[in-house]
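Single chain ahead, by itself, as structure tokens, in the form predicted on its own.
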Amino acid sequence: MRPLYPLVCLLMAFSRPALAQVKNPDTMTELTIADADTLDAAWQYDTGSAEAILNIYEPLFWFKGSSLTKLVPLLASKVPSRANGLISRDGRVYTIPIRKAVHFQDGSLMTPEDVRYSLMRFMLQDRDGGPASLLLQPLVGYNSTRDASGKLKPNAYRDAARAVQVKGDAVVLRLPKPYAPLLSILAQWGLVVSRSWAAQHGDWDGSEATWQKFNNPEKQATAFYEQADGTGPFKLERWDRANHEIVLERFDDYWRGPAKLKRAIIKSVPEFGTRKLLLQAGDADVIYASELQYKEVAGLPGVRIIENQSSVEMNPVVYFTFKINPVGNPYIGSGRLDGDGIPPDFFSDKNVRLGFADSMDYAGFIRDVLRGHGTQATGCIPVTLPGHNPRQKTFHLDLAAAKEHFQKAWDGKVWKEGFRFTILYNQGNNEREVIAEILKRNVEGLNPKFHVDVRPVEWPQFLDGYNASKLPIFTMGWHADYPDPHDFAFPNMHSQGSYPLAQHYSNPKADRLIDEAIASTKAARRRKLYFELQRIEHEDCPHLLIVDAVHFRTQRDWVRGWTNMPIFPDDPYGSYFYQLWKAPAAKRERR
């Protein structure tokens, strides 16, 4: 390099940093790829909804910084422990003092009765495929308010009412037996809503006489579907579903003090090219960018990439539906094994599942799509949690083995007749699209009679198909509800878990292992049980595990305050806006 003249050096030494102009300094705009499904804290079970909800509503506790174990109080004034006397010696009674002088966004005062109502509503609403089991299991000892035939359990209300009581300024939880992850569950799911607001807007009034009317409701039937009244730092200004955006405005009477931002916008923009252009123009501050798009965002002027962010998730995972709902289902062709479709029980044949398992290029996906960032998943429990078995047997690309399995499937009829069905993926999720295309290419290459169609749809349509068990194969992921191996074992392998319910997959031995592991307080015993569970998982092949991954965040360099919270919905792409603000990024002038 040619040396600089002394005068130039002198001028550079004394030049002051120039400040890049911040666009829309009071508003933070985040572009994602999935619309919210609902704003009801008791209904939502997807990251698109949860991110908005956790900016409007608050739980009793939250995780300190990036920790997965340390909790700080939010709507509770203290975190219970045995040391402070708020957890009984036998681990079955939790006393949670509730913070005073906290107001809902409609101006009303939050009380312990609102907390009790919120926990009971969460359990008793109990929609199909929803999150109610997260509190039902520890607080009443069963996973659903309905029996196997769908009939309501007559004592469900009374069991919930006994488990959650108010004593003075505290809420007291009485458990049938100790449940170690309870506080972590409450930190994510103990979101508090207003009982009076709910009743005024036609939702459950909290009484025993009316709870059954509000059990397992239709998504849009709840008062909280598109309205909100929380205690959090942002209020709902509007949910514009036509334009795919949620607009939040600052709650100036927020109990911790108002946010620095006046407004936050979460907008779904499935097309990456559009997200990138808006980021470059400064009209977006944070965007979702997958590993496939890393090279297109790295090095952009004014853009900061924050790499190697850990997460507590298993994503993506390819799930097989063992009993597909054929009613009005366009994704299974003729509905028969005749070369033009598949029967509803197509994937109940293990050889079909193994054929797809041996057709997936796991190593190639990690190498070429994820830039080598991550390792092949060895079980449903991620590498960041205890119970993960790094030596568990895994599948790998083996087309010869895949062919053998397909030739055996359904007594040879699959190979002879062929099949056709559709794999959907949520529009904008390029990694899931690539997985679908890999399976399509490799499976179709085995037999010209095999046809796998791949089609994108918007997130709500995808979720509707998933909830109705209409998707033959679906690729989704699991972001931790709370950081404990049970939270991955149960939703992925237990017959009452979210994915097995949609798949109609059940293995009684897996259920017993999961139930025994959560009841045990001995780490070594739990580890042994989870290792055995993951062995069964590989043997049954109800799904294809792809990767334990790390991620990166893409944001303008004027964004301030972001820290990695691995447990936050859609982390590191999602944002807890209360901690964020915008300030000019210093940039050295050239002269």
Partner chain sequence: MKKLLSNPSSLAGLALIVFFAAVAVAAPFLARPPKGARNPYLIPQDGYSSEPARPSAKHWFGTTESQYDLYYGMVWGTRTAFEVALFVVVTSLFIGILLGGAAGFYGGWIDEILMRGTDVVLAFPDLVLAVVIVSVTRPGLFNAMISVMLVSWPSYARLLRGDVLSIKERDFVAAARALGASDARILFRHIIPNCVYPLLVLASLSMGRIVITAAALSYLGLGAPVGYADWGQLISLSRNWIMGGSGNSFQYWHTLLIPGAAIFLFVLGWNLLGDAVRDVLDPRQRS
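Residue numbers count along the first chain shown, from 1. Given the structure is predicted, the values throughout are model-derived calculations rather than measurements.
A second form of this protein, the form predicted in complex with its partner chain, is not displayed here; the remarks below concern that form.
Looking in the predicted complex, is its partner chain within 4.5 Å of a heavy atom from each of Leu277, Leu300 and Gln427?
Per the other structure, all of Leu277, Leu300 and Gln427 touch its partner chain.
Which residue, His103, Lys262, His451, Lys323, has a heavy atom that falls within 4.5 Å of its partner chain in the predicted complex?
Among His103, Lys262, His451, Lys323, a heavy atom within 4.5 Å of its partner chain in the predicted complex occurs only for His451.
Name the residue from Gly333, Gly418, Pro456, Pro178 that puts a heavy atom within 4.5 Å of its partner chain in the predicted complex.
Partner contact (heavy atom, 4.5 Å) among the options: Pro456.
Tell me, please, which stretch of 382-390, 507-515, 432-440, 402-410 lies within 4.5 angstroms of its partner chain in the predicted complex when heavy atoms are compared?
Flagged stretch: 432-440.
Should Glu296 be classed as touching its partner chain in the predicted complex when contacts are defined as heavy atoms within 4.5 Å?
Heavy-atom contact with its partner chain at 4.5 Å: present for Glu296.
Against its partner chain in the predicted complex, would Glu271 count as a contact residue? Criterion: heavy atoms within 4.5 Å.
Heavy-atom contact with its partner chain at 4.5 Å: present for Glu271.
Would you check, heavy atoms only and a 4.5 Å threshold, whether Val79 touches its partner chain in the predicted complex?
Close contact is absent here: in the predicted complex, Val79 is far from its partner chain, nothing within 4.5 Å, heavy atoms only.
Contact with its partner chain in the predicted complex for Val369, defined as at least one heavy atom pair within 4.5 Å: yes or no?
Yes - in the predicted complex, heavy atoms of Val369 and its partner chain come within 4.5 Å of each other.
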